[in-house]
Ligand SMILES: C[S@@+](CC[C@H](N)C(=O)[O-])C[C@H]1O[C@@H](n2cnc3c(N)ncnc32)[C@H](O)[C@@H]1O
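Only one chain comes next, encoded as structure tokens, the form predicted alone.
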Amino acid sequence: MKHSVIPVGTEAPDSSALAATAELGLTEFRAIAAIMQEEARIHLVESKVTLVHSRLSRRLREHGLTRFADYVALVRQDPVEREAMVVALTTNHTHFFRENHHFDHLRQAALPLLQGRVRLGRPVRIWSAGCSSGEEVYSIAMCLAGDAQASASWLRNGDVKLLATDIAPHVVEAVSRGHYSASTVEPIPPSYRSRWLRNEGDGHTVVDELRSLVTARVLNLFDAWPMRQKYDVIFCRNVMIYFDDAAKAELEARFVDMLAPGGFLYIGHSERLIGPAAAVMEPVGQTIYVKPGAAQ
């Protein structure tokens, strides 16, 4: 009987090393892509093989697996690992005041209307869909609050709530913490930064007054939505670039249905409205749309 021989001075490769070098074949990639489409409607093209290999090698290591075929089999029968795979393959990249023209419009056009609703005793609801780690929703909150205690008084006197949702639990937890590094907060205008952040530990934390406006929840955008009230503003930016046209059209139509008349929808700079949403919404700026009808 033959025995394997380990040369003197070397060690047998462990499963983590083998996982890192495991080949992701086209069959396994297509199986993973099909699961991503089914679970999150994320469209993975074959040019993403290297990215998928890089992000999932850690998952193989954690399970002591050395072949992607075995990992695909695991994901198919284990809903917990399937969710972990979706999170691992979801991109979470953002920064404060990204695509600043949206926030200019929010301050100049949307803010007076939202303040008017509060004066009439009506609720204001804003949704950051695909919120990542929270830079977007807190940029929105700072625009609403202004740069002084007095300019934020309408928020304290009104029923104003911001919802931040994402499919990845770890970034939703980051929203709730509201803690960011010094380099992360650099794009925030100095007047906002000094008013709405406090130095804490190795970075900066959003003050309680703004954090109390925000509710962070895990949500797959293609699952049923638990919200019942209509929204005055919806931000969903640089999220739909990961979906195919059928998924984009479906999601955009649902956003339109969730908006109150006169409500605004902000999407990413490389995105566009298609399908029923394009026929309903009116453009009012660069990737900014309003739902026709008088604001209620």
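This one's a predicted model, so the numbers in the text were calculated from it and none came from an experiment. The first residue of the sequence shown is number 1, and the count goes up from there.
Absent from the display: the form predicted together with the named molecule. The rest refers to it.
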Using a 4.5 Å cut on heavy atoms, which of 98, 122, 193, 82 is close to the named molecule in the predicted bound form?
98
Can you pick out, from 176, 205, 92, 212, the residue that has a heavy atom within 4.5 Å of the named molecule in the predicted bound form?
92
Proximity to the named molecule in the predicted bound form (heavy atom, within 4.5 Å), stretch among 47 to 55, 61 to 69, 232 to 240, 252 to 260
232 to 240
Find out whether any non-hydrogen atom of residue 216 is located within 4.5 angstroms of the named molecule in the predicted bound form, and reply yes or no.
no
State yes or no: in the predicted bound form, is some non-hydrogen atom of residue 33 no more than 4.5 angstroms from a non-hydrogen atom of the named molecule?
no
Wondering, does residue 221 line up within 4.5 Å of the named molecule in the predicted bound form on heavy atoms?
yes
Does the 4.5 Å heavy atom contact test between residue 144 and the named molecule in the predicted bound form come out positive?
no
Heavy atom within 4.5 Å of the named molecule in the predicted bound form - qualifying residues of 64 to 82:
none
